[in-house]
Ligand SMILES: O=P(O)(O)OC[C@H]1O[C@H](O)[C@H](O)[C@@H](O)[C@@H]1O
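Encoded as structure tokens, the following chain is the form predicted alone, with no partner shown.
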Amino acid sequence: MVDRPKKPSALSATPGLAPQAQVTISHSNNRVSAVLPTGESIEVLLFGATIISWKDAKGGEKLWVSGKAKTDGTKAVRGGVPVVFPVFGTAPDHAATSKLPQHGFARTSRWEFLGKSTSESSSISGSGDDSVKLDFGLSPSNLSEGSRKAWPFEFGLIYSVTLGRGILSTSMVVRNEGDEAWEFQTLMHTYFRVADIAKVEITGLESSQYLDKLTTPIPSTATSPSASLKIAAQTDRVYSPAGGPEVPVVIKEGGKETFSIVRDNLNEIVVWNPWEAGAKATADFEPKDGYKEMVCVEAGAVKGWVKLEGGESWEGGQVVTAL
């Protein structure tokens, strides 16, 4: 596996009585779970390094996963946080990725679990671990023969999932391990759970350029209005938020802020909801009215391509706060 550009800092000595984050590997070594002393938890499949659960301290689920989602490795997971790499959607006009399936191979490959690291809050004496970070790796040796043939480049991915108190952070390090330059796109396809899509609005996308992927033909760009975005029909848009990655994109429900997304080096936000017709047409979307209880707000680098020369690395990520 590739060397990490930034290794976790050494953990300070912890008093024996301080509670620690619990990390377990289960389901025949196919699933990694972590629980903080305060009760927050996550579950990550090694298949696709897909986060399939993020719960708050009271056990409230923050992510939406289809009732028909396949978690046995036979198909990309419908819901949670699938990882998109090295192509977003399909790219028939991009020679290097034209033979890859939709969203590439990262979400359908088995990743390696590289280990955990924890941090303790310095402000709360004896409170135990404040966060836990799980690292996952993917390299050509993990790919199927078909994926390797379709994308024959040397690469290494390190995907880090950090669970904190009310926070879920995901980051990706991409490294070109060969001599030949190649290009990629990547995205964190987060399915957020909501109570009623009719009451949802999204801020942080105002007066921003976007592509509407449901328009035929897709126009080069459009500019969003100065008002917040509300979902009232099938939606599939790629935004370039005018405020940049540092300005939070916020999901509100009934006027109350529920999630905040801050990005690093991920310049685009994709907003997706299949609505009634799209849900009915998607075999593994269940229940069919589940579109009322979810919205995808996805941080990514998907407008154009990121190019890495041999030996170069790229890093990007998001921090999602449950408000």
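So that there is no doubt, residue numbering starts at 1 and follows the sequence shown. This one's a predicted model, so the numbers in the text were calculated from it and none came from an experiment.
The same protein has a further form, the form predicted together with the ligand, not shown here; the description that follows concerns it.
Undergrad: Would all three of Arg107, His189 and Trp272 be in contact with the ligand in the predicted bound form, where contact means some heavy atom lies within 4.5 Å?
TA: Each of the three qualifies.
Undergrad: If contact means any heavy atom within 4.5 Å, which of 34 to 42, 59 to 67, 250 to 258, 264 to 272 contacts the ligand in the predicted bound form?
TA: Correct option: 264 to 272.
Undergrad: Considering Tyr159, Tyr210, Trp111, Phe88, which brings a non-hydrogen atom within 4.5 Å of the ligand in the predicted bound form?
TA: By the 4.5 Å heavy-atom cutoff, the listed residue in contact is Phe88.
Undergrad: Quick check on this chain: which one of Lys133, Arg78, Arg175, Arg193 has a heavy atom within 4.5 Å of the ligand in the predicted bound form?
TA: Answer to the contact question: Arg78.
Undergrad: Give a yes/no on whether Asp236 approaches the ligand to within 4.5 Å in the predicted bound form, heavy atoms considered.
TA: Yes - in the predicted bound form, heavy atoms of Asp236 and the ligand come within 4.5 Å of each other.
Undergrad: Does Gln102 reach the ligand in the predicted bound form if we count a contact as any heavy atom within 4.5 Å?
TA: So Gln102 counts as contacting the ligand.
Undergrad: Only counting heavy atoms and a 4.5 Å limit, does any residue of 293 to 317 reach the ligand in the predicted bound form, and if so which ones?
TA: Going through 293 to 317 in order - heavy atoms within 4.5 Å of the ligand in the predicted bound form - there is one hit, Glu298.
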